[in-house]
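Only one chain is shown below, in structure tokens, and it's the form predicted on its own.
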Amino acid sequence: MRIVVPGEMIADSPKEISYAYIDGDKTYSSVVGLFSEQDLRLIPLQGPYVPITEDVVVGVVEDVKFAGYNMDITSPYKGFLLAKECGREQFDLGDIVLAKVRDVDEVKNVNLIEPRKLLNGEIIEISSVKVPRVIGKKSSMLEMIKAATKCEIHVGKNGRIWIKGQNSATATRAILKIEKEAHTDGLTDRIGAFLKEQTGDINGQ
């Protein structure tokens, strides 16, 4: 992997790569990050969470209105959840809610749908640009952590993560280790070894 900066060419042909853009017949990085030429993967090293349609986020209710709820989604933009999207569910200030981004309008209002209240868990926050590493390819990293710790874990694309289970401390340490070492190679093997050392099990058996 090599460090790239915004505007740096990363491919001499048009490639659909996250955090990159195509200009003419070449592809350029739009972020400061680490680029792997082998698998055309660009990992941002910094930046705030910018909501995208279909993102799953973990929000906190920060204001209750007649029409719905204002949600803190760890973004420069606030989320809003219409009361009619909640069915019979009602939320209070400080409630933790898993929801999906329905759309982001032209003035950056973030409209949320499909809310689910998360109860009795713990919250940690990491850089949103490191979330793909926590999830892993086809959710492989996240599933490994769940299996080893027997924890229920919901990872928001906004970098807020909810964890519930007796081994939540181990799950938390594993996730923070991933955040710290997200830019390095061989991360999956190291996390597997860490989980095995902590729990004696990385396969959920």
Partner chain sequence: MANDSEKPQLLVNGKRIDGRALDEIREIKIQAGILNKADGSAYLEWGNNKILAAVYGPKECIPKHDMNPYKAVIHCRYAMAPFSSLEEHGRSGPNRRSTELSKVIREVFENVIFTELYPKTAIDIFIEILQGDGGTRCAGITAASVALANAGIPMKDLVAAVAVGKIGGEVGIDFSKDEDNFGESDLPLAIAPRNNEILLLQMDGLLTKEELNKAFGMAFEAVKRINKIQSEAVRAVYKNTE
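C-alpha atoms forming the largest set that superposes within 1.5 Å between two forms make up the rigid core. Residue numbers count along the first chain shown, from 1. For clarity, every value in this text was computed on a predicted model and none was experimentally measured.
There is also a form predicted together with the partner chain; it is not shown, and the following applies to it.
Judged against the partner chain in the model of the complex with a 4.5 angstroms heavy atom cut-off, the residues 30, 48 and 183 are in contact without exception.
This chain appears without its partner; in the model of the complex, the one residue of 197, 16, 12, 23 with a heavy atom within 4.5 Å of the partner chain is 23.
The partner chain is not drawn, but in the model of the complex it has a heavy atom within 4.5 Å of residue 76. Taking non-hydrogen atoms only, residue 108 approaches the partner chain to within 4.5 angstroms in the model of the complex. Shown without its partner, the chain has 3, 4, 5, 6, 7, 8 in segment 1-20 as residues with a non-hydrogen atom within 4.5 angstroms of the partner chain in the model of the complex. Once both forms are fitted on their rigid core, the CA atom of residue 23 lies 2 Å or more apart between this form and the one not shown.
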